[in-house]
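Take a look at this single chain in structure tokens; it is the form predicted alone.
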């Protein structure tokens, strides 16, 4: 563990990603405590430019864009986290079951996984979102997670298949360990590193997916998110009006969060994959 932490600290990619994410998290959770105003309160005219009072101006509704950005980032992070947990857990459970049990279970799970992979996940995401009338942030996150698990399941299945005939697994079978105990204690620890990295990527994917469907008007209702802010900017023609503050900071926030998570994932890959370690 100590050796792993030392390598982690020496990874510039991980440190850069962690630093960016820490700044984002610190800002979006601390600033609303300082500025306790309602983020949906109209405080100015539509598309008022940045000023000393409102550092990112106002959006099309005359609301404080910076305050909206803070609350919108929190919502998008929440959606990404829930979607990442859901997709990782589903992919992990199905991948472990298919890889270790094999046989009919493997065939059925592989068939379902391939069906989800063949059909573009974004198309499924849109169809499911359209079919649901009321979408909260949690419901949106679960919909995204429902379309994001297949690649995790496929990768976990491949690694589990290669592990199920290892000596330590065979010894556990001879010792009378149950299937559940073998999977939890003899297989899962060997793929834990991949699961952590997959989880980080699933969070990034969830945030990007939320932004994509919200820009189409299929995101969560009665809330503010990064995707919804982009949707408002497009609907009310902020680019044509020259109101760059209504969409550029939002785009940069999405890019910063995604970049930080990908950098952290790359840094962790240097730890768990000695072949690419400098």
Partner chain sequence: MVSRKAFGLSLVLMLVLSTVLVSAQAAPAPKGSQQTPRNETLYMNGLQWGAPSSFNMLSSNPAWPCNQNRFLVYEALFMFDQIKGTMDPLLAKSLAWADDYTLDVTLNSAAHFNDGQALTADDVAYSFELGKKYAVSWSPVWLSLESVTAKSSGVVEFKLTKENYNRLNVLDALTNVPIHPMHVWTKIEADNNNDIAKIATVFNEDPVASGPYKVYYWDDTKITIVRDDNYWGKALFGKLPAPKYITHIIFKSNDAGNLALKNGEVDMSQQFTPKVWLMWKDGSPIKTYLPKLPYYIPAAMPQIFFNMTKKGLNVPEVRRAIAMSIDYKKIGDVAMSGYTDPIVPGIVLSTPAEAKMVDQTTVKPYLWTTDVNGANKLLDSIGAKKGKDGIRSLKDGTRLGPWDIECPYGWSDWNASLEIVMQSAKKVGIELRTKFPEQPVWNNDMQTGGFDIIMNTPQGNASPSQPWIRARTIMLSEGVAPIGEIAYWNWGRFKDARADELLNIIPTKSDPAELKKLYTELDVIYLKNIPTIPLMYRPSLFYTVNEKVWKGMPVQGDGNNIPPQILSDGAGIKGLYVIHN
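A quick note: this is a predicted structure, and the numbers were derived from the prediction, not measured. Numbering follows the first chain given and starts at 1.
Keep in mind the form predicted in complex with the partner chain is missing from the figure; the text below concerns it.
Engineer: Are any of the heavy atoms in residue 55 no more than 4.5 Å from a heavy atom of the partner chain in the predicted complex?
Structural biologist: No, no contact at 4.5 Å.
Engineer: Answer yes if any heavy atom of residue 30 is within 4.5 Å of a heavy atom of the partner chain in the predicted complex; otherwise answer no.
Structural biologist: Outside the cut-off, so no.
Engineer: Give a yes or no for residue 66: in the predicted complex, does one of its heavy atoms lie within 4.5 Å of a heavy atom belonging to the partner chain?
Structural biologist: Because no heavy atom of residue 66 falls inside 4.5 Å of the partner chain in the predicted complex, the answer is no.
Engineer: With heavy atoms only and a cut-off of 4.5 Å, decide whether residue 36 touches the partner chain in the predicted complex.
Structural biologist: Because no heavy atom of residue 36 falls inside 4.5 Å of the partner chain in the predicted complex, the answer is no.
Engineer: Give a yes or no on whether every one of 100, 162 and 177 sits within 4.5 angstroms of the partner chain in the predicted complex by heavy atom.
Structural biologist: Zero of three within 4.5 Å in the predicted complex.
Engineer: Pick out the residues of 68 to 104 whose heavy atoms come within 4.5 Å of the partner chain in the predicted complex.
Structural biologist: The stretch does not touch the partner at all.
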